[in-house]
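In the C-alpha cells that follow, a single protein chain appears in two forms: structure 1, then structure 2.
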Structure 1
Amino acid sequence: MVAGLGGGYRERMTWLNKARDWRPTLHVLAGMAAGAGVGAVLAGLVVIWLAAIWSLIDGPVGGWELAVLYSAVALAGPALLLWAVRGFGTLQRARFRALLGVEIPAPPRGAAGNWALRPVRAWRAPATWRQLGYHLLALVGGTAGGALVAACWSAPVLAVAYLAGRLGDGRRLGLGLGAAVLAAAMLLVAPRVARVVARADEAAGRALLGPSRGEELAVRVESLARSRAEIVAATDAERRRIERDLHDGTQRRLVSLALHLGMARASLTDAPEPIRQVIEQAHDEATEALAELRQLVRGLHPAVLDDRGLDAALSGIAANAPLPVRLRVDVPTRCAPGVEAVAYFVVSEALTNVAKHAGASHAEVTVERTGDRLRIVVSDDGRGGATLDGGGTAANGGGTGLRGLAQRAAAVDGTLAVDSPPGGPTAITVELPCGS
C-alpha cells in the first residue's frame, strides 16, 4: 500500500518534472497570446485599410496630403496585409516547432514574376487564404482553448480566493467544499485538456499553415523531375568521359600498335614464311580490333554530336550500319544536349536492332523537328513482329532492345511507339520534347 502510494507519488513527480509534458500547456498558452495579438494586428490593418478606402470614396476632408496618405494606405494595404499574414504564419510555425516539436513546412511562395503582380497572384493563392483562416481561428478558438487550459491549472488558486472571501460564513461550507473538489478535479485533468487543445491546434496548423496535399505533391514532382534530369545528365557526362578516355588512351595505343605491325609487315618481305604469317595475322587482328573499338566508341557519344549537332552525328552511324540506310534529317535549330544524346542513342540502337533481328534489306531514318517536338522514325522492310514487351518472336529479339529505348525516351519525357505487323514493315517512332 505504502509502496504503491510512493510509486504513484514518484510517478507523479517525474511526470510533473518532465518538460515534455509541460509543452502542450506552454504551447496552448503561447497560442492564446499569439492568437490574440495576431488577430488584433490583422484586424487593425484591415480596419485602417477599409477606413482609407472609405475616406477616399467619401471624399477626403482636409489638405491634399491626407488624400495622398489615404491613397497610399489603400494601395499598400493588401501588400502589407499579405506580408503580415505570411510573417505571422512563419511565427506560428516557429511556435509549433519550438514548443511542440512539430515541423510544419512553409507553403510554396509561388514563382517570382512581375513585382507589381506578385501580391495579386499571392492573394489568389489558396495558401494565403488558408494562413489567414488560421489566424482567425487562433483569434477565436486559440484564445478560448488557452483560457480553458489556464483556468484548469489555476483552479486551486481561484478556489482558495473564492473560499477566502466566504471565510466564517458557515452556511456556505457545502459550496466551499464543492468548489474545492471541482478545483482538484480541474487540476487533475489540466494536462489532458492541454493535450487535447494542443492536438486540435496542431491539426488546424497542419491543415492551414503548411502546404496542401496538392502543393506537397507539386513540390515532390518538381524535385523528382530535377533529380531525374540530373541522372540523365550524369549518364551523358559519363558517356562523354568514357569516349574521351578511350580516344586519348586505348585507341591511340592500338593505332600505334597497328602502325608498327604494318611497318613490320611492309619491311619484312624477305623474312621466313612462318614469321611473316604471324606478323600478318597480328596486323590484321590489330586493325580489326581498332575498327571494332571505333564502332563501339562511336555509339557512345561522338564528339561531333556536341560540336555540330544531331544531323552531323547521325550520318556516321547510318553509314556504318551493315545494311543500306537512307537518312533524312530536318532539324533547323538544335535541341537541348541531353535530348540530342537520347535521339542519337535511339537511332544507334534501333539500327543495331534492325541489323540483328529484322532481316531487312533497307532501312530509313527520318528526324524532324516541328515546334518543340523532335520526331524520329526508324523504319525497315524486314519481317516485322517486333514488340515493346518480351512477348515477341525469336526473330525480333524479344523486344528487349526496344524496352531499353522506351525507357531512355521516357527519361526525357519522350514516347516510343512500335508499328510492326507480322511480315513487316516495321516503323519505330520516338517523339521527344526538344527542351530548348
Structure 2
Amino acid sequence: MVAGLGGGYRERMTWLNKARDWRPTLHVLAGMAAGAGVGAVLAGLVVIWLAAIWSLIDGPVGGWELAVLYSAVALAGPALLLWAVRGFGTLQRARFRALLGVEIPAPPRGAAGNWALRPVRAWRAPATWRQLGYHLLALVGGTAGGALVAACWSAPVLAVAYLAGRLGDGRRLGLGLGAAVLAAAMLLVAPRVARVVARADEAAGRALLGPSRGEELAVRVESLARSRAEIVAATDAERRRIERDLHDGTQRRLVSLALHLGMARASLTDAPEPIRQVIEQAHDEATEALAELRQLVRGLHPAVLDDRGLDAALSGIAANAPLPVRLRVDVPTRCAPGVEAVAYFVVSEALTNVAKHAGASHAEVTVERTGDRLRIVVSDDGRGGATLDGGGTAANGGGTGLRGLAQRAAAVDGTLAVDSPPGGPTAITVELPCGS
C-alpha cells in the first residue's frame, strides 16, 4: 500500500515537474508576440514602400520636396526591408537560444563587393527569402499556436469566472460544470501542447532561419580549406624553425668540430700512427656528418628561397642535379612563401625521380607566372611510362613519387598533370595559385 502511494506520489511529482517546465510555453508565447510584432513592422514597411512608388507613378502633390521624399523612400525601401528581415531573423534565433537552448547558426552572408549592389545580391540569396518565409509563417502559425497554448493555460481561470457568473442559475449550472471539466482537461494537456508547438516552431526555425544543406556544405568546405591552409602554413613555419635551429646550432658545432679536428690532423704529424689514424677518421666522419646535415637542412627549407627567391633556389637545384638541367624562371613578382616552398620541393623531387628512374640524358625546368597562377613544367627525354596511379614500374618513376608531388600541389589547391607515353618524353605540369 505504501509502495502504491509512493508510486502515485512520484507520478504526480513527475507531472508537476513537466508542468513547471515553462520553457516551451514561454518560447511559444514569446513567439506569438514576436510574430505579430514582426509581421506588423514588415507589413508597415511594405505598405510605405508601395505607397511611395504609387505616389511617384501617380504624380506627387505638394512640390519637389515630397517628390524627393517619395523617391528616397522608394529607393531605401528594399534596403530597409532587407535590414528588417535579417535583424528580426537574428532576434528569432536569439529567442530559440535563450528560451529553448537551441542554437541555430545564421545563414552565410554573401561575399563583399560593390556596396550599391549588395541589396540586390542579398535579395537574390535564398537565405533572405527563407527568413522572410519564417516571419510570415510565424505571423500566422506562431500566433495561432501561441493562442492555443495561452487558451490551454488560462482555461481554468475562464471556467471559474464562468461558474461564478452562473451560481444562481440552476439551469446553466450543468453547462458550467462541463466547462470546468473541459478546462481541467485543457490544463492537463497544456504542457504537451506547448512542447508540440515549440517543436514545430523549432523545425521551422532550423529549416528557414538557418543555412540550407548546400550552404552548410559550402561553409564546411570553406572552413576545411582555411584549416588546411593554416596547417600548411604552420608546417612550413615549423620547417623554417627547424632549419634555422639546425643551421645556427648543430651545424655551427659540427663546423667547429671539423675545423679543430682538421687543425689537429695538420699539426700532429709527428704523433704516433694509431693516434693520427683516429684523428683522421674523426675528421673525415665530422666532415661527412656536416655534409649530410647541410643536405638535410637544404631539404627542410632552403634559406636561399627566403633570401633571394625562387629563381636562385631553383638554380642551386639545377646546378647540383646529377644530369644536365636547363632552367628558365619567369616570375616577375614573388608568390606566397608557402607556394614558393611547394614549387621548390616539387622541382627538387621531380628531378630526383628523373635521375633515379627515367634514364634521361637531360631535363628541362620551366617556371612562369601567368596572372595569379604559377606554372611549373619539368620535362625529360627518358623512357616515359610514368603514371599518377602507380600503374608504371619502378623503372620509370610511377607510383608513390608522383603521388607525393600531386599531394604537395593539392595542399595549396594546386594541380598536377603527367604526360608520359611509353618511350618518352615525360612532362610533369604543376599549376599553383600564387596567393594561397
Partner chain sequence: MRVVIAEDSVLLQAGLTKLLTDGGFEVVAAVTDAEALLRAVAEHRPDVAVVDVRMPPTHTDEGIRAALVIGRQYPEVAVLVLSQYVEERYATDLLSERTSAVGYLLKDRVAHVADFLDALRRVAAGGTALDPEVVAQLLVRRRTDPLDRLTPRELQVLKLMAEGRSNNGITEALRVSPSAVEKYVSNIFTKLDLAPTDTDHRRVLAVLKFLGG
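Structure 1 provides the reference sequence; residues are numbered from 1 along it. Predicted, not measured: the structure shown is a model, and the values here were computed from it. Between two forms, the rigid core is the largest collection of C-alphas that superpose within 1.5 Å.
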*asked:* Just to confirm, one of these is the form predicted in complex with the partner chain and one is not; which one is it?
replied: 1
_Given a superposition on the rigid core, I'd like a yes or no on whether residue 103 shifts its C-alpha by 2 Å or more between the two structures._
no
*residue 345 C-alpha relocation of at least 2 Å between the two structures, rigid core basis*: yes
*On a core-based superposition, does residue 311 travel 2 Å or more at its Cα between the two structures?*
yes
*Quick one: CA shift at residue 240 between the two structures, core fit, Å?*
3.4
*Superpose the two forms on the rigid core, then give the C-alpha shift of residue 360 between the two structures in Å.*
6.1
